Ligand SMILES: Nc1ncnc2c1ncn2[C@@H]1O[C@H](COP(=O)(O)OP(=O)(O)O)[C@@H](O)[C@H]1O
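The chain below stands alone and is given in structure tokens; this is the form predicted on its own.
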Amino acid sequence: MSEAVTHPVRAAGPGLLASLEPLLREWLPRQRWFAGKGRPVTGFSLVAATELMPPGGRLGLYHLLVQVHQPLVPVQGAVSAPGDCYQLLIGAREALPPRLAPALIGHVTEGPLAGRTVYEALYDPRPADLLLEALRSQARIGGLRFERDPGQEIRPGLVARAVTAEQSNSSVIYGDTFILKLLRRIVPGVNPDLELPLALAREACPRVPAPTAWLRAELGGEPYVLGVLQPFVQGAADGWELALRELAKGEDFSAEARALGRATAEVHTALARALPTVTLGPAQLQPLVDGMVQRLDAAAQAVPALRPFAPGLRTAFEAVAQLGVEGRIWTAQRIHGDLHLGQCLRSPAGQWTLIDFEGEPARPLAERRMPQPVLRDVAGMLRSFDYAAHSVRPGVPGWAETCRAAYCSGYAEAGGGDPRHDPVLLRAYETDKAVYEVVYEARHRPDWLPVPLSAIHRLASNPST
């Protein structure tokens, strides 16, 4: 094991953030991972700043944790308040080479970086190399802690390349050997994106890549997980892209859906062994149902197209509460929390793995770490098949229904119990997910709004689905 090292860090003076602020106001809202879209940015607070490269060179590199101030509601005269905290890796050069043009943030006119051009440093191999070397050597740089599994080797010299596909975080691939996921929206506490893969590694679950290394910080006595390095599944196909390719060719996807159901059940079984489970009786069910109803009411206020369906959708949640009153109980455990086809990879050998255990980033961390019925994950995947079926024109009649049935059958084959045997809870979770999708699409991709609305129509009018 390499000996941990500590690098001296020069204080990034108080003028650093002030000099970047005009540029960040324009750049941040354009990023896929920025959660505050639709509300103006009114200011920033610096949570932490670490200089990762020594001063005096052509390249400056700054690791920033920045809290964004935005109005509480998107109306004129609303009160501005501290909001989300974001992790930024800012490079500074005299001029950007053409290859880094897509990473441009802007040109600084005042402050300690005056006259320099700043950019998203993850697109630059040199800063990306520095991150991997820090993880390999278990460095300590200011308040940053680079840690790794001593049982896994990290070879130096792996070529870095940024993942340019749209993500809710940012990723760098190293030589087709590792992938580093840097979390963008940072919250204090134990992050399930590290916690759950580590627990599954202890259970020797082959369906989830075991973390190789991770980046942490401790601020104000609170732990923060900032990034996770995992083995890269070379040649793997993203489940979403694979499904769309098969759909476009009119090919059957039921065998893959069945295999994916088995993989999901295996992960759930391993998580139930690794971490505590709880029983949900009437007292525990009521807050769960109340949360679903509250999200529905808020969504109906935000998206007028949802309002005519709200009474029918509410019956899905009320049916769960009624079963609780009648004495029905459920088992809850740790789950993936945001499962869909895009969170699954199929290796060239046909093995499915699950990735990205962060959960829905918009929900509070404490909620994402709560034990929940496994049907929440199942419902997320069923919605994903529906999304895929509506994404390709012309579609394949019955494609989504066939995949949904095959997935549930595969889940049952792996010992998870057939999700279709619990239709009331499954409908409630699928309804809750579709409501979330309506709000997301209305806010970010209005052209996609008909996809979840078609499910909303089905779920509101037919209690058996």
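All figures in this text were calculated on a predicted structure; none of them were measured in a lab. In this text, residue numbers run from 1 along the sequence as written.
Another form, the form predicted together with the named molecule, is not on view; read the next lines as being about it.
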query	finding
Stretch in contact in the model of the complex with the named molecule, which is absent here, among 129-137, 284-292, 165-173, 367-375 (heavy atoms within 4.5 Å)	165-173
4.5 angstroms heavy atom contact with the named molecule in the model of the complex for W330	no
Contact of Q230 with the named molecule in the model of the complex (heavy atom, 4.5 Å)	yes
4.5 Å heavy atom contact, K181 to the named molecule in the model of the complex	yes
Contact label in the model of the complex: G342 to the named molecule, heavy atom within 4.5 Å	yes
Selected contact from E266, E256, D124, E358, since only one has a non-hydrogen atom within 4.5 angstroms of the named molecule in the model of the complex	E358
